[in-house]
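We give structure tokens for two forms of one protein chain below, kept apart as structure 1 and structure 2.
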Structure 1
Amino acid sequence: MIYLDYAATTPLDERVFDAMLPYLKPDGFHGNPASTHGPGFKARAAVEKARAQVAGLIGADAAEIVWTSGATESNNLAIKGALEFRGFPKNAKAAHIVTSRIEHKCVLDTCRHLETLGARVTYLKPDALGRVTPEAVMAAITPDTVLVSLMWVNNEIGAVNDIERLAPRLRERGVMLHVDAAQAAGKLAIDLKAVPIDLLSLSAHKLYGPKGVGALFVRRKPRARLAPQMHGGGHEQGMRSGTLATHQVVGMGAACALAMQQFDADVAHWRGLRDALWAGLRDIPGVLRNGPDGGDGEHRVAPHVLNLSFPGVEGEALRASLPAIAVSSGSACSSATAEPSYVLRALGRDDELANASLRFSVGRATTLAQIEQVAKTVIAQVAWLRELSPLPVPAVTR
């Protein structure tokens, strides 16, 4: 099996596993990080080391990192917490959010839930390459806007939003900015000391860390204030109660430290493989690349994602014809539905093209030989399926 679905999840790095193991073994470190005795202090020290490692990857202070169960919880805490701290739903003025139509499902579903309680949400349409411009965001701001929630890197097409240019403009207007950085961390350089983002979500399993743990960056100066969504013992500065899973927290810290150490090598490796795959597939008649192509500074794209549509081919048939290649048609969180990708439809693709798409995402273990094999297989299967189809291959402009 050739695994090309790293945007859905990454395997646990062996070095991360080694860091976690002492906190999993029966005779290892098993203290509760909140306990005030020797084993508890050791667990707490491990948690704080990991907190500093996560902060290091994104240019934050350790005290600005709040542990969660993953980016989905982080996104919920950021969006609901920002509104509720300002008195929502009783305070109707604390009720306007700006986001985009192609955010992750956990952001979209959170916003739709808040709408049922009276919030007002503006869903911005991206441009043809999947980007939401700072100008479009600023045009949607009203006097009642509390929060803008925008992903840094789109999880299906790899389009990169210009967060660096947007963030200072929102700061000037006094509007909080939440960024879903699950696909950006470790792939783009992030320095929160230079970019005035208020809230930023992370997930360990996108970074060769364990599943079930994530973090929310919550800026301290100026302070981003949130209402907690989980109540209990007041852990994590009162923002997220619950006993911490020390082994998972340690794993996320180790994964972030590795991502920081290997950043340049990783990005160069992924970009080279992605470009090699596109070079191998771009001559398929009618093939469409969804999202930016990375050809210039304006068309910024993450290094690890390539999303293609193959006109004249039924999407499910194409995926079924590739049993030895692990790829997806979009976000893993949306795979339970048979609907075409809402991200591709927002870019203007019709249902047929959206259904005939594949997302390839490369990782540390991907090799050039695997990429060459995948290109040959996809070319052969697309040609075979088109021979079986009575429909002509549509003329599509890239």
Structure 2
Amino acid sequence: MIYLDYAATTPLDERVFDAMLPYLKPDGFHGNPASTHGPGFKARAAVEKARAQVAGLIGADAAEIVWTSGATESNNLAIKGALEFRGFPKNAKAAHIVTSRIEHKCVLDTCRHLETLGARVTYLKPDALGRVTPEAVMAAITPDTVLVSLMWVNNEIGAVNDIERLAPRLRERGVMLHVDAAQAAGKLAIDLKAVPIDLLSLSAHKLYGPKGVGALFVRRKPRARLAPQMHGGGHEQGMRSGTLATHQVVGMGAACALAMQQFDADVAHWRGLRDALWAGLRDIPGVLRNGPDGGDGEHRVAPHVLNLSFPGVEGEALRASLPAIAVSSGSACSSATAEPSYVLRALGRDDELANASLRFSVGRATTLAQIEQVAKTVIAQVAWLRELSPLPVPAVTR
């Protein structure tokens, strides 16, 4: 099995595991970080060190990091918390959110839920390469707009939104900006000292940390204000209650420290492999690359993702023809269903083509030999399925 689904989840880095292990053993590090005795203080110290490590990766202060159970909770907390703090849903008419059609499911589901409570939501259509431009966002802002929620890197196609240019413009207008950076952290350089984002979601298991832990950056100056979504005990400055899972937050801290330390090497490794895979597959007749094709500026793309559509083959048969390659047909959360990716549909791909798409995402353990093997297998299986098909291979122009 060759694993090329690192955008869905990454294996735990051994060094991260080593950092976590002491907190899973009954040797005095098992205390509740909220307890005011020796074992509690030890756990608390580990939690605070990890907080600083997470902050370090994104250019934030440790006090701006709130632990959560993952990016889904971070996104829920950011969006619902921002609205509720302004009196929503009691004061429903004053709440407008701007987001896009290709956000992660949890952002879309949260927005839809808020709509049922009376919020107004604008779902911006991305351009053909999957980007939402600052101009499109600014054009959607109304006097009632409370929040813009936009992902930095799209999880399916790797398209990068120009958050650096958007954030100052929203700040000028006094509109809060929430950025889902689950796919961006460790892949793009993030410096929140330079980019005025108010709220930013992170996930550990997308960057070689453990599952079940994430964080929300909540800016202190100017202060981003949120209503808590999980009550009880007043942990995390009252913003998120619940006993902290010491080993998990320690793991997220270690993962962020590692991501920072080997950022340049990671990115170069991923980009090299991703480009090699595209070089191997681009000669399949009719194959289409979804999203930007790399390079800087307008065509920025995350270094680890390659999303391709294969006209003339049926998607499920294609995936089943690659049993030894773990890839995704969309975001992990929706791939159990047979529905074509809503992200590719929003980019203008029809149902059939959206369904016949694969997302390859490379990681630290991926090798060039694996990439060559995958390219060979995909070429052969696409050819086999096309030969089996009674339909002509559609002539698609790039």
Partner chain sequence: MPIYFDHNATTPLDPRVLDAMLPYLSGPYGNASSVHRYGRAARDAIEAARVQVAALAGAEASEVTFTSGATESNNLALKGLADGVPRAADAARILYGGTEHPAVLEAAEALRGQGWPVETIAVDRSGVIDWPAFEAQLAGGPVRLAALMLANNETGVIHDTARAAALVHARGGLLHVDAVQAAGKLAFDFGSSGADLMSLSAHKLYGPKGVGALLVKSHVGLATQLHGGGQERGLRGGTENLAAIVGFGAACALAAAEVEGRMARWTELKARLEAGLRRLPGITIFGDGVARLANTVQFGVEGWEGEALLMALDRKGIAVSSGSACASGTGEPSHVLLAMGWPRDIAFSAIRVSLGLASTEAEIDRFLIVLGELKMQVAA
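Residue 1 is the first residue of structure 1, and the numbers go on in sequence order from there. So that the term is clear: the rigid core is the largest set of C-alpha atoms that superpose within 1.5 Å between two forms. What you are looking at is a predicted structure, and each value in this text was computed from that prediction instead of being measured.
Of the two forms shown, the form predicted on its own is structure 1. The Cα position of Gly348 differs by less than 2 Å between the two structures after fitting on the rigid core. Once the rigid core is overlaid between the two structures, Gly28 counts among the residues whose Cα shifts by 2 Å or more.
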